[in-house]
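As a starting point, one isolated chain is supplied in structure tokens, in the form predicted on its own.
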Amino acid sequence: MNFQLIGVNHKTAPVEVREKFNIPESRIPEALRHLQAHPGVDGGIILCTCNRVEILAQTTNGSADLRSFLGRHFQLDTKLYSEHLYELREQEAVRHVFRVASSLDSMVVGEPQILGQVKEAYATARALGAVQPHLEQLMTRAFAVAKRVRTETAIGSSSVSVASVAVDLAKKIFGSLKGKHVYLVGAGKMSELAARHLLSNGAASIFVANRTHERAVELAQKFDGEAILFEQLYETCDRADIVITSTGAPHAIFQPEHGALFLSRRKNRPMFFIDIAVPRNVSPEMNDLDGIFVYDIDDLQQAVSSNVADRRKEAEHAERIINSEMERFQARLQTLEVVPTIVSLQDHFETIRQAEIDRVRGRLGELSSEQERALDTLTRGIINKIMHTPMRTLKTAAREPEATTLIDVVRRLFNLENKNETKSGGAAGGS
């Protein structure tokens, strides 16, 4: 079970660090190709959200240097960020994947969006051929675990979301949202959800600007809103009381000078910016302007932290589910590791059986069909009796820590490694 994971998330790193490790969605395939080419890596998945960037790899011997991969890919000195990075191996990596997919490691415990993001990351990696068999097993199990957690616990019921927190903050600033105008800059799923919450709490209208104008039109139509060309962003943004930003821009698109311009046009009426992008779309310096209120994704995290305590019992139940699923997954994976040895051992004895039958056939003379069946039954019975104890021992040992040692002894004892290499070499030559 050679799994390794390295990453940063909202618990280990502030947004100004996380944005340094951000990978735009369009660059994920390129990053995956670099990851596959990295020494010791057989395959992998990259999960990149506003709250985390994680590299999950299936490695050859469990000792790939993923820090050097991060350093080369992002062209930065990872030593400067050591306190923010976490590295997990084997069972701890598996546990982390289960917890992330089940939304136990989310900023908002129980939120459903993370599972969809994990599935998208898996689909992207699978399409590029980066998901190897054991990694496939891990992700398939993670999705099943997430479903079980959501089914058997109330972890996701009545959960506070980033979107609902944004509404609460807006209410504190404006008192009432009745008649307030909302501007979506970027047409992501999270901003759409926030807009839906704002409208249901009395907001009057929605404006949408997106670099792909067709997407802006599509989203605006959902809310009977108005789509605006992205090039007209600074000319029109002052029409909104609440601005939600979620673009993939690599730098802040709203600077203090923009805020000053908006306030002057609005005659100093306040504006509320909800910046849920990583990297951030709104410069923190905008907060220095009287009348401008900026909340980034970390600010929202602080606002939802009290919600975790409300569902602690459900989270504890979910953790117990994950513990039991960890044991099942490990046992299944170890059993899968034993199967090739059992098959090789069966092939080995079958080859001997057939060779011995062929060797004595000439001395036995012509055999009737009944005699042929009797000979076949007799020799198969002998082989099955010989195989019974080794097979049972291997299957039992599959659940024990010494499984790898026992498998290695059996393969060496019967020279199975050389036989497999000969077979695979022949197969490769014929393909």
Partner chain sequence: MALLWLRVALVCYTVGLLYALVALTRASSWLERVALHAAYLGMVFQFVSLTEGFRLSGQFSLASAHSAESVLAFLIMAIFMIVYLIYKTTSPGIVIFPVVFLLVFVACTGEQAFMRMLPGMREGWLIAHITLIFAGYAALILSFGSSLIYLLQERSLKSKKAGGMLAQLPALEVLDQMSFRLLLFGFPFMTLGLIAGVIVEEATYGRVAYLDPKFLLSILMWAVYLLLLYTRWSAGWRGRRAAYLATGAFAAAVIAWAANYFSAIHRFVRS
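Positions refer to the first chain, counted from 1. Think of the rigid core as the biggest set of C-alphas that the two forms share within 1.5 Å after superposition. These figures come from a predicted structure and were not determined experimentally.
The discussion below concerns the form predicted in complex with its partner chain, not included here.
Participant: Since the partner isn't included here, can you check whether its partner chain sits close to all of 172, 292 and 299 in the model of the complex (heavy atom within 4.5 Å for each)?
Facilitator: Each of the three qualifies.
Participant: Which of 255, 236, 287, 113 has a heavy atom within 4.5 Å of its partner chain in the model of the complex?
Facilitator: None of the other options qualify; the answer is 287.
Participant: Which residue among 96, 180, 141, 150 has a heavy atom within 4.5 angstroms of its partner chain in the model of the complex?
Facilitator: Selected residue: 180.
Participant: Heavy atoms within 4.5 Å of its partner chain in the model of the complex: which of the stretches 182-190, 269-277, 313-321, 127-135 has them?
Facilitator: Within 4.5 Å of the partner lies stretch 269-277.
Participant: Compare the position of the CA of residue 71 between the shown form and the other one after a rigid core fit and state whether the shift reaches 2 Å.
Facilitator: No: residue 71 shifts by under 2 Å between the shown form and the other one.
Participant: Taking the rigid core as the reference frame, is the Cα of residue 116 displaced by 2 Å or more between the shown form and the other one?
Facilitator: Residue 116 C-alpha, core-superposed: shift of less than 2 Å.
Participant: Take the rigid core as the frame of reference and indicate whether the C-alpha of residue 168 shifts by 2 Å or more between the shown form and the other one.
Facilitator: After core superposition, the C-alpha of residue 168 moves 2 Å or more between the shown form and the other one.
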